[in-house]
Ligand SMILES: Nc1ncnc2c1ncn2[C@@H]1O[C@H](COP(=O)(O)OP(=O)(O)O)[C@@H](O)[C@H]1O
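The chain below stands alone and is given as structure tokens, in the form predicted on its own.
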């Protein structure tokens, strides 16, 4: 893997609806509030992160789709691709539904799993963190994100069905570990937690028993402010910086920074 000064975090789970996009955007905002230079990238063909920020793919001239189609990314492409001055204080690369076409488009391209890694070398001095919102299925986009990453952050909804998505993702990581020079580093984040329910408490215990220190201490609870922020095209810190969800994503950002500096 080409080493970057920016730390690349792939936010992935092969089950949808577990808080991937919420985590990408609000963690990016929390890190920015702590003085970090942050880029968030939407590599999910559903483009939920883009729409959340009121960037509608059909109105954009350049998206992440163009990044993967470029024979070689350059500064001119990134200057058109990266959106600045958005909600949350971080820069952003929007996604597009056409990202789903890349499995066919890149079928015969050499080193297609390294496209993102190679492109991000151009941004090594611009950012401290690059957060990648990954698609919820195995394919060229997820492989690119994991290969380029310094860590895979796995949001896990505290629900029994969410455990199946973890198994699929771990299978993918094990396959990549057979060919990558360094093992993929990963950590899990409990999301959508409701301590009043026995099922949520049981899942959190299972996560901590099975994964140990690979589970973040921070737990993200249900918070209706996440829906309000999404509806308003904002991150939770702009809707209510004192909301439980805002406090918890700030705690997560501080936990990540503390781990990096330890």
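Numbering follows the first chain given and starts at 1. Since the structure is predicted, the reported quantities are computational estimates derived from the model, not experimental observations.
We do not show the form predicted together with the ligand, though everything after this point is about it.
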Would you kindly say which of 234, 221, 208, 201 lies with a heavy atom within 4.5 Å of the ligand in the predicted bound form?
221
Partner-facing stretch of 54-62, 208-216, 35-43, 226-234, counted where any non-hydrogen atom is within 4.5 angstroms of the ligand in the predicted bound form:
226-234
Quick one: is residue 152 in contact with the ligand in the predicted bound form, heavy atoms, 4.5 Å cut-off?
no
I'd like to check something about residue 169: if you look in the predicted bound form, is any of its heavy atoms closer than or equal to 4.5 Å to a heavy atom of the ligand?
no
Look up in the predicted bound form whether residue 18 has a non-hydrogen atom within 4.5 angstroms of the ligand, and give yes or no.
yes
If you check in the predicted bound form, is residue 115 within 4.5 Å of the ligand, heavy atoms only?
no
Looking in the predicted bound form, the residues of 231-251 with a heavy atom no more than 4.5 Å from the ligand, listed in order, are none
